[in-house]
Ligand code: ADP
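Single chain ahead, by itself, as structure tokens, in the form predicted alone.
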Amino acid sequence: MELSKRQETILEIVKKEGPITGEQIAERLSLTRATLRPDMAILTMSGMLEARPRVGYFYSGKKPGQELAKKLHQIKINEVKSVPVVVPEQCTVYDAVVTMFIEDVGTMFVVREGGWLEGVLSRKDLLKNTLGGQDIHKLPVGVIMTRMPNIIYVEPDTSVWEAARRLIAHEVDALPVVRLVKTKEGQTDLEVVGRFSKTNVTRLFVELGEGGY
């Protein structure tokens, strides 16, 4: 892992003066704490620095990446998931576009009554069909959504590392977080209980950098 000159300087400051607060580090460099936040996140996630609330940063002596890898395998989706944005299968493409705009998300989950997962609807799905010349005021999302077995999902106890790997491997922006429930017929239904997206990953990295986990 190659550090920038500023990150190397921060590391030296913490080695000599740690524990030291983010405000104190920013003062030494004549910068704002907000400016240093990305650097502190990188150094903390790499494991080279550790942060403790009300104490500050100190040098850990660990090799880059060790601590980050450990935490990403320990933290579970249930701890970081967001509230899912869902629409019914009968929802029209037009209404889905409006909902996506209002909720400011790139992926929505299509459910039947009771919150059971039926499909996934991406921004690309809506854009493609909006430009296709069809009557989006009448076309239901059930016609264009991705259905099982092509839906990639995670469960509440899946590790953040595994969930992030699935986001990258399948080139999607978000995954439904589901709870597997056995039906009376012996089949398995998927109850939507959350969403895990690239935004969750970014937020987690910032919190890790600030010692939030």
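One rule holds for the numbers: they count along the sequence shown, beginning at 1. Quantities reported herein were computed from a predicted structural model and do not represent experimental measurements.
The discussion below concerns the form predicted in complex with the ligand, not included here.
### Query
Non-hydrogen atoms within 4.5 angstroms of the ligand in the model of the complex: do Thr146, Asn150 and Leu175 all have one?
All of them do, each having a heavy atom within 4.5 Å of the partner.
### Exercise: Glu171 in contact with the ligand in the model of the complex, heavy atom 4.5 Å
Heavy-atom contact with the ligand at 4.5 Å: present for Glu171.
### Task
Using a 4.5 Å heavy atom cut-off, state whether Ser122 contacts the ligand in the model of the complex.
Yes, contact at 4.5 Å.
#### Entry: Option from 76-84, 89-97, 114-122, 129-137 whose residues, in the model of the complex, bring a heavy atom within 4.5 Å of the ligand
Selected stretch: 114-122.
### Query
What residues, if any, in 19-57 have a non-hydrogen atom within 4.5 angstroms of the ligand in the model of the complex?
Going through 19-57 in order - heavy atoms within 4.5 Å of the ligand in the model of the complex - there are no hits.
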